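A single chain, nothing else alongside it, follows as structure tokens in the form predicted on its own.
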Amino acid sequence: MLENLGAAAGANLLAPAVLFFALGAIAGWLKSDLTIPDQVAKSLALYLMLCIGFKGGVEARASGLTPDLLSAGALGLCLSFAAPFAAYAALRAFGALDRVTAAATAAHYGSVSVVTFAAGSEYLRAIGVEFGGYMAAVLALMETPAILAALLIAGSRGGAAGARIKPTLWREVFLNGAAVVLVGSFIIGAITNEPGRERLDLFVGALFQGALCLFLLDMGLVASRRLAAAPKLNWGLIGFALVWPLLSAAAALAASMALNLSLGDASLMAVLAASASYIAAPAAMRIALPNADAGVYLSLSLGVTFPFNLLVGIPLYHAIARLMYG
């Protein structure tokens, strides 16, 4: 297994997208003046979500409403909602965080990362492992429950610093740009089916890899700079950001196997469970828990967990899934 894992990890580390992330991280650490304009980065993020959603919709339409889709969707919802409660307890015990910051951070580790999902999907495609297109729908389902769970955690303990559930928060959670593009493009893909994919073949196919490389270059810059500017992080928090993905992935793989999901679907479920949000969750927490320390939850999710998953986690989760599935 170790030889196979080493080969898989090596192949993943030499993928262009991962190398561009490393380039951005190195440039950030060396304090280069390299920058990607914010509007360009946002446009790339929306483009990636459009491609993921659209292709997932087409593939889901082809496979139909199967038991696997229902099982994967139900599992994703359960994992996303339950994870913040366990993450909150761990952060309070080992990270020495205040209550509100721990709740906000827990939301990030129950919600999901679109780019980690994209990298995991491309990795599986590169090694010839098939997975259901409906996993893009599971991705969309897993964004919101963790945010709601974090609000329950914070609100249940009351106090002036507790959750402020306002109409603007619900709008941010359900109608944020990422969710609208991802879910909307999935629906459009399902409606237009193969004729739609043929019309957009170049846009959602060949150009995707280049856009992913440019986006990960920017993510490398942001992650390294965010981590360098995070003096409040202690070893307990860093340990959490590295160990939590492993535990979440293991739980997702065990549940996926119990539900008889395919090897590819189980691998992607592990990737989703192990990922941490840095788009939807930060936006919601900024409104709901304004007293939470954004320097902690953004530094952990983007500066520690995201690079770990991209460089090591994705091939590791698949290798473990392959071992479990025989």
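For every residue, the number given is its place in the sequence shown, counted from 1. Predicted model only: the values in this text are computed from it and were never measured.
Just so you know, the form predicted in complex with a further copy of the same chain exists too; it's not on screen, but the next bit is about it.
- Figure note: of the listed segments 196-204, 144-152, 92-100, 70-78, the one touching a further copy of the same chain in the model of the complex, with heavy atoms no more than 4.5 Å away, is 196-204.
- Using a 4.5 angstroms threshold between heavy atoms, Ser43 counts as touching a further copy of the same chain in the model of the complex.
- Although the partner is absent here, Pro37 is a contact residue: one of its heavy atoms lies within 4.5 angstroms of a further copy of the same chain in the model of the complex.
- Contact between Ala15 and a further copy of the same chain in the model of the complex is found at the 4.5 Å heavy atom cutoff.
- Contact annotation: Ile191 falls within 4.5 Å of a further copy of the same chain in the model of the complex, judged by heavy atom distances.
- Of the listed positions (Leu233, Ala82, Cys213, Leu242), a single one reaches within 4.5 angstroms of a further copy of the same chain by any non-hydrogen atom in the model of the complex, namely Cys213.
- Of the candidates Ser185, Ser224, Thr116, Ser248, Ser185 is the one whose heavy atoms come within 4.5 Å of a further copy of the same chain in the model of the complex; the others do not.
- Contact annotation for 120-151: a single residue, Ala126, has a non-hydrogen atom within 4.5 angstroms of a further copy of the same chain in the model of the complex.
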